[in-house]
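One chain comes next, on its own, written out as structure tokens in the form predicted on its own.
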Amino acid sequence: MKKNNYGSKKNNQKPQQRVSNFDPRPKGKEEYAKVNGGVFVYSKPVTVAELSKAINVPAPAIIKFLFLQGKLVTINQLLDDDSIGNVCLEYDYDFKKEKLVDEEHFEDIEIVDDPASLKERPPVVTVMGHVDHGKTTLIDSIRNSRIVDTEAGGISQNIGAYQKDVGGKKITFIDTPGHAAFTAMRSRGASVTDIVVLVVAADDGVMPQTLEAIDHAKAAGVPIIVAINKMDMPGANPRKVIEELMAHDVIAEEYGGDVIVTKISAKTGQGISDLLENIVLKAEMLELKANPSRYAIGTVLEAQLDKGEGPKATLLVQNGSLNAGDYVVVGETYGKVRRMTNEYRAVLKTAGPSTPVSVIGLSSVPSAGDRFMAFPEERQAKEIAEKRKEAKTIASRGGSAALSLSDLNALVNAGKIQDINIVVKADSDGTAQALKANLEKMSTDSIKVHVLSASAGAISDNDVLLASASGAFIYGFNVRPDARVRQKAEENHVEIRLHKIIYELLDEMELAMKGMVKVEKVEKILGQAEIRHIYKISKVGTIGGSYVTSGLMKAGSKVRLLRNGVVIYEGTLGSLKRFKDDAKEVKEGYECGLTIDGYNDIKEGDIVEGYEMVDKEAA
């Protein structure tokens, strides 16, 4: 029999309660429910006979009661949740349905600690912002180190995690190479950050990656502290930065908002102490606590294969304490913590909540964002890791983590949808904001529409990452993803819906929210070709000397002309030639000459995308 001792340490302490929904009963025992003190607790559908026995009410009485409610049931019939609830209330029982969590899905375990065992823990702070706005230099200034000197071109290439003591209280900082890593962790269910410090250069202002960082922080529900950096520069204009942030719903306290803004210079050290004090203040308001007297659970920040030491991972302990010698399951791998060091490479015997550590001893290299948990026995850890690996393999063959329009349609019809997340990209910012406003107006009492990001420009990798992490789909208006982004969307199971008429996009969304959408025809992308040379021939028009970069170009197919990811023209492929000969199709990796019917304003660097409309089944 397996014991539910994952929460207890290997000492004489009284075991802590580990979870409220973990089922410690031996496999195969047909015990589906129990009644404790007038509360009927169940985890699976129960039959009339099982409910009768559990609440000590004759089965015929339950059958009669449900019959009078308009439900005809038999003694061996499984009851739905509504029927179970109605019967319990009729016979003066409260009821509660518990979610069973298998041990291999430890990231879903609901941790319930005795309040007396909880201790204050350091806040975990992620530093984000536009490239070259001074993120790593800020960390350097806080730590009095020179990390930036070791980085290629002064740009962060990996995730670094560091701790700083401020007035007797520690702060854990995570320096990321961008919001992509932050989002990759969140897409695996790892909420590692308590506070985001958004670094904005006072002489540069709000830039594209600044906006993307804001979108990702908001989608994660993480409070933001703004650090206006480079105040020592001649062109510093903090007022302009604050006003630009206000346009994106980041409202400073001085303007009636709840966002703390600190003016700093990471280079000279100006304002750094104020920033640290504000982080401590925000952490106190969040009342961050954890239980150090349990087996550790946390997240992988980064991992690599070291030539001398083998698989090596930087772990962030989020609850409990990790000890040298503990057995851990990390993602789909496992191992024993043979050695554990901090950011200064000092060897540690134990690491408490919010502590980043580097460990060796794993059987293989995990991925950033993977969850880890310590277990009491190697056999147990190995068995759980194998189950997780098998489950991931099965899941990779199956469905989507993000929401598609057909998923939305089905969930609405089943009454199971409450929130819809959308990423909007359009050919202009005005159109993007108009779409955002109209989509969010569609929210009802039961279904809320959240536009996580609405911006101008081509659909990018970061849009796909945001959608994947947030269970969203992407609406593109007069913009297109390139082949690489489309492939990334397919790998992450993110649906991209493309439109060129606003009311059609809004009508589609409205029908989907009513569970009435019908998608009979879908667009199948044939391929893309890049215009590399322009030839103008009288009586023929403009010919694009092209190179097929993906898929194939097919004579007579529908095409659209893209310039910087924005749709310039849609029409039909006029002619397609290989050298002087007409061609039915030209495949990836080959050159061709092409024309577009009725359109001659093509330019070098333009992308011609071929597509056709097919039945959904054929797509």
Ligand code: GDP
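Keep in mind the model is a prediction, meaning the values are calculated, not measured. In case it trips you up, residue 1 is the first one in the sequence shown, and so on.
There is another form of the same protein, the form predicted together with guanosine-5'-diphosphate (GDP); it is not shown, and what comes next is about it.
Of the listed positions (S358, S265, T172, Q318), a single one reaches within 4.5 angstroms of guanosine-5'-diphosphate (GDP) by any non-hydrogen atom in the predicted bound form, namely S265. Residue T137 is the only one of Q77, T137, Q380, N492 with a heavy atom lying within 4.5 Å of guanosine-5'-diphosphate (GDP) in the predicted bound form. A residue is said to contact a partner when one of its heavy atoms sits within 4.5 Å of a partner heavy atom; R371 fails this definition for guanosine-5'-diphosphate (GDP) in the predicted bound form, lying far away. When contacts are judged by a 4.5 Å heavy atom cut-off, L89 does not count as touching guanosine-5'-diphosphate (GDP) in the predicted bound form.
At the 4.5 Å threshold, heavy atoms of N229 reach guanosine-5'-diphosphate (GDP) in the predicted bound form.
Contact check for H130: a non-hydrogen atom falls within 4.5 Å of guanosine-5'-diphosphate (GDP) in the predicted bound form.
In summary, the region of this chain contacting guanosine-5'-diphosphate (GDP) in the predicted bound form, judged by heavy atoms within 4.5 Å and restricted to 231-239, 69-77, 322-330, 247-255, corresponds to 231-239.
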